[in-house]
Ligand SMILES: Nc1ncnc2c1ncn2[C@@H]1O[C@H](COP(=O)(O)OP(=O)(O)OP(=O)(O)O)[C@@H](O)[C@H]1O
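Encoded as structure tokens, the following chain is the form predicted alone, with no partner shown.
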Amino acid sequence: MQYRIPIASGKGGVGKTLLSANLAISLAQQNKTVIVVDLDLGGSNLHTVLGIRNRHQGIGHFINRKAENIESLVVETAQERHFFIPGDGLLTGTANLPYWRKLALLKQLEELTADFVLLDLGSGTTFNTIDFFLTSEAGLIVTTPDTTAILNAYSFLKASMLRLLQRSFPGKSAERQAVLEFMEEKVEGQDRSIQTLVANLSAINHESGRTAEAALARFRPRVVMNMGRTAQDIRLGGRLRQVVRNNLQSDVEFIAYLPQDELASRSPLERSATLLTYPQSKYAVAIHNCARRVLNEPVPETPKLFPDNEDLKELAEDFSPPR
């Protein structure tokens, strides 16, 4: 069985690609076959973090019909059981991915043979990025403990939920039109939440409301707090949880805390993954903790509620401040 884990962020510079590379290596070190795919269209650089020269055909070749399938693009890495599909670095201009090629690419991703397929996505809330994120019900959203990153993570989660509801109904249907109208209006600061939209859909058709509720119940992305400096930073994750509860009437689960680590920041310059170059670093230890949580529960079976921020407290207990 293939577990697909898309990894996204509301803004750039939060360490998403570094997480994608090292989490893939950690899973492979635990005897799982892993393929990490660079889907940051228009800005692919995962190969740099992995220390792989930019000379292999990649996703751009498939999108431009120069490769028959993406399986032919798989590249071996220095880590056993860890494979890589490059992005569009050799063929630029794929950021505006045509709809039909996107469908073909999504189908090809489903057919990859691996225990885990990790998707390193672009940052932000473009439809292409969100659609790749929605290929799994349990992707990872990366943020950092600062207000801008947390608000951008919230924006990404909100956009993903609305896109999910939009795609739950046929084109030109009254339900899809209701979702589109809701997307065009501001949600924050009004007595209108995602549940308001669900009620509107139920008013159109009771079964449509149930369809929306089921889609939202299955959608359970998890959050990685990156670049933390102290255990206190972990608690800032409560800000994201609160704004999600207030405006989306939903909840988020925090799966990992990755400390600020100078050794990890060297990775792009040294062209080598942190886990391979500095396996005893604080960042490497935290990545292994994240990988174990993914292995124990690749897809959460039931929605989780954390009224007292138990998950954040657990991450704080795992954190050992630098000496």
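Throughout, we count residues from 1 along the sequence that is shown. Owing to the predicted nature of the structure, the values given are computational and were not obtained by experimental measurement.
Form predicted in complex with this ligand: not shown, discussed below.
For a residue to qualify, one of its non-hydrogen atoms must sit within 4.5 Å of this ligand in the predicted complex; all three of Ser123, Met227 and Pro268 qualify.
Proximity to this ligand in the predicted complex, defined as a heavy atom within 4.5 Å, singles out one entry of Ala264, Leu50, Leu39, Val34, which is Ala264.
This chain lacks the partner; the member of Ser272, Asn45, Gln29, Gln57 within 4.5 angstroms of this ligand in the predicted complex by a non-hydrogen atom is Asn45.
Proximity of Gln260 to this ligand in the predicted complex: non-hydrogen atoms within 4.5 Å are present. In the predicted complex, this ligand lies within 4.5 Å of some heavy atom of Tyr283. Proximity of Pro300 to this ligand in the predicted complex falls outside the 4.5 Å heavy atom cutoff.
At the 4.5 Å threshold, heavy atoms of Leu312 stay clear of this ligand in the predicted complex, well away from it.
Although this ligand is not shown here, in the predicted complex the stretch 1 to 29 places heavy atoms of Gly12, Gly13, Val14, Gly15, Lys16, Thr17, Leu18 within 4.5 Å of it, in sequence order.
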